[in-house]
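Take a look at this single chain, the form predicted alone, given in structure tokens.
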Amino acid sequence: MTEKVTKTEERTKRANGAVETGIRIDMLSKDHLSTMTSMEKIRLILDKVREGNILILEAGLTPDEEMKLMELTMTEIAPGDFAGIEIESYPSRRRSNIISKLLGRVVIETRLTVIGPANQIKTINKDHDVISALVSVRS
């Protein structure tokens, strides 16, 4: 049973009365994200991060979507309310086949992305195969 959900952390009251505190991590599937428009994805991400959640996107954002996310984030930053976001992802890949070359289209394959509140993510590092984040819990 959830006792109280604060803006930045999840508190859960266990059967024995103990209260556990933690950070919510939401993993969004590629299938779920593919059903959304760019603005729906950006709004979802900003709303969840503003609630203090860390998001892991199975398929990240396109470079244009990341740019729009950054632009919208900048407009919503407010001292004492929202400090912005931290984002790290693997670079997107460009895929093309004979048909896409004939049509002049390049398919951009986005990859795993981690996004979280800037005031909670202390460091975020990307290595060849691992993205790691050090997250603080505010009390």
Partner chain sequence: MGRMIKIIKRSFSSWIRKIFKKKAVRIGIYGPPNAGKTTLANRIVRDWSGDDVIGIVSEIPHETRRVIRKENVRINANGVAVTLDIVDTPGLATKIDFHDFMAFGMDEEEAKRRAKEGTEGVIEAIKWLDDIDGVLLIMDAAEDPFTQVNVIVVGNMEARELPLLIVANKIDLPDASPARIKSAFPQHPVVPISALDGINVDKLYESIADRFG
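Numbering follows the first chain given and starts at 1. The term rigid core refers to the maximal set of C-alpha atoms that superpose within 1.5 Å between the two forms. From a predicted model like this one, the values you see are computed outputs, not experimental measurements.
The same protein has a further form, the form predicted together with the partner chain, not shown here; the description that follows concerns it.
Looking at 36-44, 73-81, 23-31, 51-59, which stretch has residues with any non-hydrogen atom within 4.5 Å of the partner chain in the predicted bound form? Of the options given, it is 73-81.
I'd like to check something about residue 67: if you look in the predicted bound form, is any of its heavy atoms closer than or equal to 4.5 Å to a heavy atom of the partner chain? Judged by the heavy-atom cut-off of 4.5 Å, residue 67 is in contact with the partner chain in the predicted bound form.
I'd like to know whether residue 102 contacts the partner chain in the predicted bound form, with contact meaning heavy atoms within 4.5 angstroms. Contact with the partner chain, no.
Quick one: does residue 94 come within 4.5 Å of the partner chain in the predicted bound form, counting heavy atoms only? Heavy-atom contact with the partner chain at 4.5 Å: present for residue 94.
Can any non-hydrogen atom of residue 108 be found within 4.5 angstroms of the partner chain in the predicted bound form? Heavy-atom contact with the partner chain at 4.5 Å: present for residue 108.
Aligned on the rigid core, do the two forms place the Cα of residue 118 2 Å or more apart, comparing between this form and the one not shown? After core superposition, the displacement of the residue 118 C-alpha between this form and the one not shown stays below 2 Å, so no.
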